[in-house]
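First comes one chain, alone, set out as structure tokens in the form predicted alone.
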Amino acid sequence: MALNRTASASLQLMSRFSLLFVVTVTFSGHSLAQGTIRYDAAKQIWQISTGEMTYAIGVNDQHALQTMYWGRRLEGASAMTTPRAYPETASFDPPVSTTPLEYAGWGGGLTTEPALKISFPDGNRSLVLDYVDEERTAGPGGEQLEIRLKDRLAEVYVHLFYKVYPQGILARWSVIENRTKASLTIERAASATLNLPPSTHYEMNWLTGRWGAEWQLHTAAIQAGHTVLESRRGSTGHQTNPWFAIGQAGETTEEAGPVWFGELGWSGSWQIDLEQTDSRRVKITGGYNPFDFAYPLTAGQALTTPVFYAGYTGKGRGEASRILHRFQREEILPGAPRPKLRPIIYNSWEATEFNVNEAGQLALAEKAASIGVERMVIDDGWFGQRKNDHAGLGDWYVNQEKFPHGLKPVIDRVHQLGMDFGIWVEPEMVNPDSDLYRKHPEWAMNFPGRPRTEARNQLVLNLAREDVKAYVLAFLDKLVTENDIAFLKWDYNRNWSEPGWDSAAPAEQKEIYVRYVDNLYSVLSELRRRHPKLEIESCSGGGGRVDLGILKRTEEVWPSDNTDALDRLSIQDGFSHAYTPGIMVAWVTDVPNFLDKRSIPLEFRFLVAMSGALGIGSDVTKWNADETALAQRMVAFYKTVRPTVQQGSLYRLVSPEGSEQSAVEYVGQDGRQAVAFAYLHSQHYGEPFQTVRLAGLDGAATYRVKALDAAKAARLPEEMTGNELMGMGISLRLAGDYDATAIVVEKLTQ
């Protein structure tokens, strides 16, 4: 969401913005219907189809753009009638509120949630958007539609964009353009509104959480009125993630039934409003959070909103997840359509916390390399006067007491051991006890004359300021340039408070909600341009900044600071509904766990961490010979299934929610390998582990079947057909507390 300074700059930026989505997609093992945009000029209806979905819109008799259909794919000519505005149901509900409008301005008697609200300098706040014209373009990445709307009286234009992706995803965003001769203020700017068919049986899935308990999946019937998913925190937030999925109660399951789903690609304050109107229609409006939001546009300026991604499937919640996973890997992530496999990392935080030094890090690196680790990461504590979390943030020079020879001796030895090197940074924060803050206290977000609220003993730098942006980019560029650094663990450990911007004019200060994130994206993109081999992890005290905006610029995410293996089963299950498991970093750490004080066997911890991008955070120097040998075996096994786990299709076989048992399966892109992980939390009454029935296999093919631990899969045939594996399933001998295993099946050449 770049800010455009002039109308012509706006159009240039829109062209550049759309090119971000033009990607040649290579498919392996996926049969996906290509995207198309058909236009019926007589009826003025656009029919957008991709994957399993058709989305149709039309211009009605009141010159407004309205939703005609969103659901199962329609082929060929449509029987849709010419669009007509809905009648008022009473004087209290005029057509502007009863009609499912695509992008409604607040005006003309609208009583439902608007997509756009504007204040004009004369005090007028009414906005009625009429259809103007349209333009369709085609490129190697798919088709794109632009529809232009205009206020009925003022020279305010809204450009609505629809981008079709072959995985079954429709991307939508808008550009609001001021062609008047005066300034106006945007008070609400949504990316899009989505309208569902009428139903009284909708139920919604969404994800909530807090620090240490992210990615909690909820299901509830959609009630009359508003359900608001949002973050007012200045970032994506732990509290709620900008993802939703809507099904039909009694019909939609993990394996079957209709699902309408969407995700917002924005890393700042956001809102998704789900409104069930009086007529039982459900409309979903998503974009910038209107709380404390005001964005002035002078004459000729324009504002581009974040991208809102939407999809539909008739094959249940599992398929909705797989569509999103494919889309993220093939269109969103750096390196798309073939993002790199995530290396196995060792991170020093839980072993040393702030007590890092050259000798200690070298000892950890030696042991990590012997286990099979591929990337060594030094976490917090290496810089400035950083002995605890009270000081040092902002002073990004190597601490000479801890590393008297700089980072080079450690990096050189890490490379000799066959690993690459990564380091922790928190670029957007500052401790009041730092040289940076003493020199530039005005760089921290603040309201002059008001208290500055600290959290974790730190303040937030105002990255909306160009001088702060330049400083952050400069020190990161210097750090990576002067050291052979392959990876940054980019952390962000608090929410905003006092989001003031005293160097900006009062009328412009609330632009901070947009400018900050735009500059964050700019720094990430420029840093990657200067260092093409650099990889970045998005971390925010765990999963506080995970969204499709940040994922365009980072290879992986840290889903939670909670590394307890039992808690992670639920955390990782929830995460998988919205995001591909290949980006989900999961560590094996020491027990008793720091948060739950729970002790879980090492093998169980490894098998849980293998469900994503495997990492190790234990103090490996304290492992005995048996533990080291087990770790070596687990790491070697993971490397044999890593492409399948990180880039394959995920099937949630047995949910960990409300069960002492759980199982998850991954099927490789080419269908030749599948791996299933089964977990038993605790056994009761001697009851056996339930039969595990695989999914996503070729029913007629024969597979070689191999258990990680033969004793836990007694009498398992060496070969089974796909139908047998999916029908008869596999019986496992898991018993007691915290028992787990893995089963690998390999398709035999016919």
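Numbers follow the displayed sequence, beginning with 1. Predicted model only: the values in this text are computed from it and were never measured.
One more form of this protein exists, namely the form predicted together with a small molecule; it is left out here, but the text below deals with it.
Across the options 115-123, 554-562, 250-258, 87-95, residues that bring heavy atoms within 4.5 Å of the small molecule in the predicted bound form belong to 554-562. The closest heavy atom approach of G542 to the small molecule in the predicted bound form falls within 4.5 Å.
Residue contact check for W349: one or more of its heavy atoms lie within 4.5 Å of the small molecule in the predicted bound form.
Contact annotation for K489: at least one heavy atom lies within 4.5 Å of the small molecule in the predicted bound form. With a 4.5 Å cutoff on heavy atoms, Q572 does not count as touching the small molecule in the predicted bound form; it lies far away.
Checked against the small molecule in the predicted bound form, the candidates N519, T304, Q361, N493 yield a single residue with a heavy atom inside 4.5 Å, and that residue is N493. Residue in contact with the small molecule in the predicted bound form (any heavy atom within 4.5 Å), chosen from Y103, Y295, Y437, W587: W587. With respect to the small molecule in the predicted bound form, the three residues Y703, R715 and E746 uniformly fall beyond 4.5 angstroms at the level of their nearest heavy atom.
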